[in-house]
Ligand SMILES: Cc1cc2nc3c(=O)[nH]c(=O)nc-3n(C[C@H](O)[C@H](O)[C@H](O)COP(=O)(O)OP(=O)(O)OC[C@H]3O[C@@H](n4cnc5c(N)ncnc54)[C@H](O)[C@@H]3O)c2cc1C
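Only one chain comes next, encoded as structure tokens, the form predicted on its own.
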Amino acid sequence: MADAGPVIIVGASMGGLRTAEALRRASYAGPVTVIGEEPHAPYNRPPLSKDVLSTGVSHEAVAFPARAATADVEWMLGAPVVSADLGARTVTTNDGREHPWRALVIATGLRSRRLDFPAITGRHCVRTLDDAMALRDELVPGARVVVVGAGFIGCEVAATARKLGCEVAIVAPGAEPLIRSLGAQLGAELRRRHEAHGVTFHLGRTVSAMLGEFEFGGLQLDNGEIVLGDVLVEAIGSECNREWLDATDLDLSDGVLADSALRAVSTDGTAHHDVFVVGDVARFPNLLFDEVPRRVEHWNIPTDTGKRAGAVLGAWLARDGSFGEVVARGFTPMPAFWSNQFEVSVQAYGLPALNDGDIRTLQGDLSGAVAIGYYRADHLVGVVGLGLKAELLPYRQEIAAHAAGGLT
């Protein structure tokens, strides 16, 4: 193992920050460099489409607090990495500079997928702080906001825009909002609540044309219907930031494949002991469910994977005999997410989308506070609560109880 160079973490968001903190907790005292594309120090992304968007959008409102343990970490911000050479152990930034590393952590996350239309003013997505700041300036009373996509970000932005006095329409191909994540029953209930606040839905529809030569003026849908608007929010999913790894031998078929220790895996199945993957871009197995590697875009995953990768990498760098023991520890993070839409608080644990069609009301009533369970092979794999939080903890424990060996 070469001892030259720092540990380089590519990606300066939550996953990169948590990895650096975990390395210090693992007693690694060597140099750590975090290289990030954005000019901002690490900040919390989920509030950008929720509370922060409805008030003043600023870095101070979402920034993570600096901790003494990582005070000596070098931060290279506003410096996109464009390529990596795993053999030479270098990464290259967009200014042409090569940066040698002792170990590499891939934490480059996701970017918003965009509609395939020419760039005009009035088009927005919500992934970064700068995205949210630009959108917030246009959410003025009376503005006609058209949201394409009815997932969590689309629904959250729609609710925020409506509360700010905008007219809001949602266009999506699914039969109900959030149908892929939560199923038709709960999706229909959330639609009902949005409609009660004046949001208009165009479901089962796709976009065929965009109106406006220089400024956004609306959309033409696949059935010929015209939806006029002043502001477009594209919330049609995400794409992995992994092009800088195209020249490597890593498995990039969906994000970056990793083993349960979060070591990056090559296309031939070999794990790299000095290359790790964390956050939304990591595709890894979780024995809470089975041995199938998956990417999970829930808010706690960057933290959990960062802690795991930092602990494993710290043990590998220490060369004190602890590496095998640390790697052998089970890694079964509990996916969790939350959403605020008007007066509705949505809290979830597990992976509801893994259900095999068996969806049950566990307590409460859809019109009020309710807990919905999602089952596969009669095992609870996810739970979602509307207006419930503490009441979901027993169901969380039930999901976790199947960690030994996963489900078949």
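Every value quoted in this text rests on a predicted model; they were computed, and no experiment measured them. Residue numbers run from 1 along the displayed sequence.
One more form of this protein exists, namely the form predicted in complex with this ligand; it is left out here, but the text below deals with it.
In the model of the complex, which of 220-228, 122-130, 182-190, 251-259 comes within 4.5 Å of this ligand (heavy atoms)? Result for this chain: 122-130.
Here the chain is shown alone; which of F331, W244, F216, W316 has a heavy atom within 4.5 Å of this ligand in the model of the complex? Only one listed residue qualifies here, and that residue is W244.
Heavy atom within 4.5 Å of this ligand in the model of the complex - residue from G204, P80, G212, P285: The option sitting close enough to the partner is P80.
Partner proximity in the model of the complex: L110 to this ligand, non-hydrogen atom cutoff 4.5 Å: Answer yes; at least one heavy atom of L110 falls within 4.5 Å of this ligand in the model of the complex.
Residue contact check: L115 to this ligand in the model of the complex, 4.5 Å heavy atom: No - in the model of the complex, heavy atoms of L115 and this ligand never come within 4.5 Å of each other.
Would you please decide whether K307 lies within 4.5 angstroms of this ligand in the model of the complex, comparing each non-hydrogen atom pair? No - in the model of the complex, heavy atoms of K307 and this ligand never come within 4.5 Å of each other.
So, A235 and this ligand: in the model of the complex, are they within 4.5 Å at any heavy atom pair? Answer no; every heavy atom of A235 is more than 4.5 Å from this ligand in the model of the complex.
Residues within 4.5 Å of this ligand in the model of the complex, restricted to 291-321 and counted by heavy atom: Going through 291-321 in order - heavy atoms within 4.5 Å of this ligand in the model of the complex - the hits are E297, H298, W299, P302.
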